[in-house]
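Below you will find one chain, with nothing else, as structure tokens; this is the form predicted alone, and questions on how it binds or moves follow later.
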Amino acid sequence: MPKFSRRTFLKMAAATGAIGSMPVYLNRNKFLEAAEEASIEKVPTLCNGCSNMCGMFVHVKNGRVWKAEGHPIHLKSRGRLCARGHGTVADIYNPHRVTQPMKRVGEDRFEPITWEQAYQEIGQKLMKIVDEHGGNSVVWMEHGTRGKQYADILLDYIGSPNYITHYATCFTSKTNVWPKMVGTTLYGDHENADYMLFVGRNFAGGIIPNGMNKVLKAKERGAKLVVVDPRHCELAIQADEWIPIRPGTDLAFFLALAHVLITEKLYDVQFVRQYVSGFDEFWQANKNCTPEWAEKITSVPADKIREIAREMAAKAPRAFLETGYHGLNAHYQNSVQQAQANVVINALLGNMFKVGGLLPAASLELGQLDKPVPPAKEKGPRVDGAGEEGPYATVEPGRGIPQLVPKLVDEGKVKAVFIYHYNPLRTGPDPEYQKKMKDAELVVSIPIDWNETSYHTAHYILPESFFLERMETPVNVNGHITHLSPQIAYRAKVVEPVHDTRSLLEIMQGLAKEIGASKYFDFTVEEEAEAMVAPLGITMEELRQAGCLEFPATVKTGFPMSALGKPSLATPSGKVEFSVGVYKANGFSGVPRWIAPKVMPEKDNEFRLIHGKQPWHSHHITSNNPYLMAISETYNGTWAWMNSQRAKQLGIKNGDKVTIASDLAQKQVQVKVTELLHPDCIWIPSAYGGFSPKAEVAYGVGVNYNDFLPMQVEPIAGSVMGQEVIVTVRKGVN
């Protein structure tokens, strides 16, 4: 049987898709004529290519999605969409979607069932578990927090505190640190900055279209962009300077920057005196962290560290260290201290709450639908220990520790798992370990497609309607990039569902009926939406027409002060706190201080395994999209990167297949040999390595860093420490 490339597949899919949708009473010519003359409806909604939820317009012809374009008002898109946004709309017609409820009947076998049967069986099993083991034995896991408003009702009804997100694999250290040190999170005012230092943050890879537009506008105006990263990432292409750094040592680089700013009296002394608490404690702990000390750790020359510190100070307060640290805040033993040091550097520059520096996100106070609340039930401690007395007391309970769930199932502490819009078998550490979840008494997956978690662990699969097939409640548009005026947007239902799928609210309503909780879900998403926008003086009809509305500016510059003229941040002192009291109370250092990475490469064939995004993929949710995977094929997107000097030592040439191995796994992949990567590491993109046979486009393509990564928990913020793994690399596949 001939083997087809993805390009051939795309051409065939396009042709068969068009013919397959042709009404039987039309011949081809009449079909084409009717299609050409059909009116076009342009519907505003929100993208689902990643968690940024950029505004988009979707064009509909003949009841089918035709194309998409960026929303011109929405803060994150401003008329643009990235490749992920354009590609993801096509997944509505992806043949590998789950088309109706499924029940596992064997190791790799499922049978279709009705929604009514699914609700009945799941409801009965859930309540039996709650009666026998208590609500604390039930966990809800999801990517992001879009399902939280409905999950909370279910969890409150059964008496479970166990809501868990994926953030332990993303930015959990940042979200742990900033509220404790600053009381909120601040974002770079890229468009008005004169100096932007990006460390471990690839703005052009994990792309927000208008975010990159702001950066480029600043550069056109003369602002300097410096990127410090082990890899010459997509953002480095746009930078004035790329500085390769030994992975896992960003903290040392930050402490040395602080040393220069303080010892050379380049920092904003007035800002620190008036608005900072704990400066002396920080300095006493780190006054020996000189650039020469940092050079030995980071491989960044001491003179370059001094140069950067001096340049930033000269441009302050219109200079900042980018706060969108994201992935690196979940990747190392020292990630919490990295996030703390990020706050310290920016405070020393005196850039907080200032134009061109750091600003808070604009937001609106939305209304809430008045609906019955489940009676209060006594909830025991969280099963993962997040925020409870013990080893994870400082972990945010609102985030949780998802990587512990398989272990808790194995120990019999978790009996039921609900997994919404989340694929921990592919995006969490050690997939074989993650498979332990299937041993729970009840595993319910609520996905779009046949992801690995659904295929290998779920007892029931309840397919959610595609994002273009459902309406969701309005959201504030904020985060990652600054804008003085708040915006509100919402996800509209663009077309009718293609398959027998339902929205999350409909799924929860069906389940609630079986467990006696119907009255707590007795509302529609339209009613929720109307109540949310009511305080804003607008109607949902106005928002439907616009898709995104902007309101007068709410962000004010200047440090927040009380009526008595004192600093009034939401911290114990009201100031930026260089020392975190709750960390000290739980046995950790209050101030950031040097902590080495947990593991380091030592032998000639050993490397730290690092990973990152590509501009056309988002985690693993886009890897079964044939259009986006065609881009991967065009650009050798599945290849690993290796430093040319290290490759030469191992006899490896560009395009060679190599074997990457850790204590957990051994995988083969082709290699790009390049000067654009630090010698200590090997880099692989994070989107590949699919192993669900029903997701045919992704299946068996590339490798994934999680295959090599053991389950670990960083104790302060609960992160997975996703780059604390050493691998060996050798030429060949045998």
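All residue numbers refer to positions in the sequence shown, first residue = 1. Since we're looking at a predicted model, the values are computed, not measured.
Keep in mind that the form predicted together with a small molecule is missing from the display, and what follows is about it.
Contact annotation: the small molecule lies within 4.5 Å of heavy atoms from the stretch 418-426 in the predicted bound form, the single such stretch among 291-299, 560-568, 116-124, 418-426. A residue is said to contact a partner when one of its heavy atoms sits within 4.5 Å of a partner heavy atom; D449 meets this definition for the small molecule in the predicted bound form. In the predicted bound form, the small molecule stays beyond 4.5 Å of every heavy atom belonging to G278.
Put simply, N202 is close to the small molecule in the predicted bound form: some heavy atom of it is within 4.5 Å. Contact annotation for V395: none of its heavy atoms lies within 4.5 Å of the small molecule in the predicted bound form. Of the candidates C233, V138, M437, L321, C233 is the one whose heavy atoms come within 4.5 Å of the small molecule in the predicted bound form; the others do not. In terms of contact with the small molecule in the predicted bound form, the residue from K315, R97, K613, K214 that brings a heavy atom within 4.5 Å is K613.
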